[in-house]
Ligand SMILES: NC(=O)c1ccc[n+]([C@@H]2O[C@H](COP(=O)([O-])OP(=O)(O)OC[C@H]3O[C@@H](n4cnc5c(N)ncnc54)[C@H](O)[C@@H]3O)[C@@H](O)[C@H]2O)c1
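Before any questions on how it binds or moves, here is one chain, the form predicted on its own, in C-alpha cells.
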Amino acid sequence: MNKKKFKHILITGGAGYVGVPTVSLLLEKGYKVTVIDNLMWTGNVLLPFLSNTGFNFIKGDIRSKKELTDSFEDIDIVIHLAAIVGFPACRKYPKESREINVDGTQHVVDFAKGKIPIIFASTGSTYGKIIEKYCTETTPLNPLSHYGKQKAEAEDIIKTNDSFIIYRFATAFGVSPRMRLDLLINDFAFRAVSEKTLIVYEKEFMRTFIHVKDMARSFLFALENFDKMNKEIYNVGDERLNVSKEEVCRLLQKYVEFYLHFVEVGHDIDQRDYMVDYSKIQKVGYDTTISIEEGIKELIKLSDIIKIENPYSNV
C-alpha cells in the first residue's frame, strides 16, 4: 500500500446517506476512521464497521464544542458531512438547520485551528437561480432556499481554514445503507414502483446528478490528491449526468410500468435549471463511474424489497 499523507480521518455525519459509503470505502483502503454523529436517524448502519480495528465511533453533535473535543484527538484531516440536507428539511427545521449547517461548521473550523485540513461537502444549490445555462466554479452564487444560503455561508467559514477543499456536489442518487427517498431520482423510482403513478412539474428543467458511491470515491480522491487540490472549489459530478426531469422519467419507463403525468403547477424552491461544468475536477483526474440508468436499476430492486410506512418522514 502506498504511503498515505493522511492516515486518520474524522468524518462528521458519518452515519448519513453519504457518510456510510464513505466510511466503508476508506476503511477498505486502509484508513483509520473516526465518525462523530448524533444518530438523528439511526445508528444501525454503522454495525458492519464495529469489528474493524480502524473504526472508532463517537456519539456527539457538532453543535456542542464539548462533544467535538474527543473527536479531534490525533486526527489528520476532517471530511465534514454533518448537515441538515435539502430545502424541505431545512424549511421544516429552520433553527436546527442553521445551528448545524452554519454554527456547527464554525465549530469544526474552530477545532481545526488552521492546522487540520477540511474537505467540505457543499452543494450545487448554492448557485440557485442563474442566467447562464452552464455553471462553473466561478459562477456567482445566488442561493434562494434556506439550504442553499446556509451552505454558501458555510463555504465562507471553511475558507478561513488554512487548508481546505470545497466540493459542490450534484444531486445525489442511488442506494445507501442509510437510505434517503427525498432525493429526486430516488423519489421518482420509489413512487413509480410503489405507487405506479408519477406526477412531475417543470419537466424541462435541467438537473445534474451523482451516484452516492461516486461521492464517496470523490473524498478518497481528495485525500490522495490533496496538495494539488488545496484551497480550491470543485463542482463534483459528470456532464453526462446533466439531464432534464423528463429524461429521468423516460429512463424509468424503460424498466417500470407506471402512469406518468406532467403538470404546469409546482416549482423547485432552489430554481435549479442549469447544466454544470465539471471540467475542473476532471482535469485533476477524477471522473464518475455510475450512470443514472445503473442507479435506476438498483433503486427499482430496492423499491421491491423495502417496506417503509412513511418514507418521507425525514424531510
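As the structure is a computational prediction, the values presented were derived from the model and not from experiment. Position 1 is the first residue in the sequence shown; the rest follow in order.
Although it is not shown, the form predicted together with the named molecule is what the next lines describe.
The stretch among 227-235, 241-249, 116-124, 152-160 whose residues place heavy atoms within 4.5 Å of the named molecule in the predicted bound form is 116-124. The contact residue chosen from 275, 40, 27, 260 relative to the named molecule in the predicted bound form is 40, the criterion being a non-hydrogen atom within 4.5 angstroms. Proximity of residue 63 to the named molecule in the predicted bound form falls within the 4.5 Å heavy atom cutoff. Among residues of the shown chain, residue 216 is not one whose heavy atoms approach the named molecule to within 4.5 Å in the predicted bound form. Residue contact check for residue 78: none of its heavy atoms lie within 4.5 Å of the named molecule in the predicted bound form. Using a 4.5 angstroms threshold between heavy atoms, residue 147 counts as touching the named molecule in the predicted bound form.
Interface residues of 65-85, taken as those with a heavy atom within 4.5 Å of the named molecule in the predicted bound form (partner not displayed): 81, 82, 83, 85, in sequence order.
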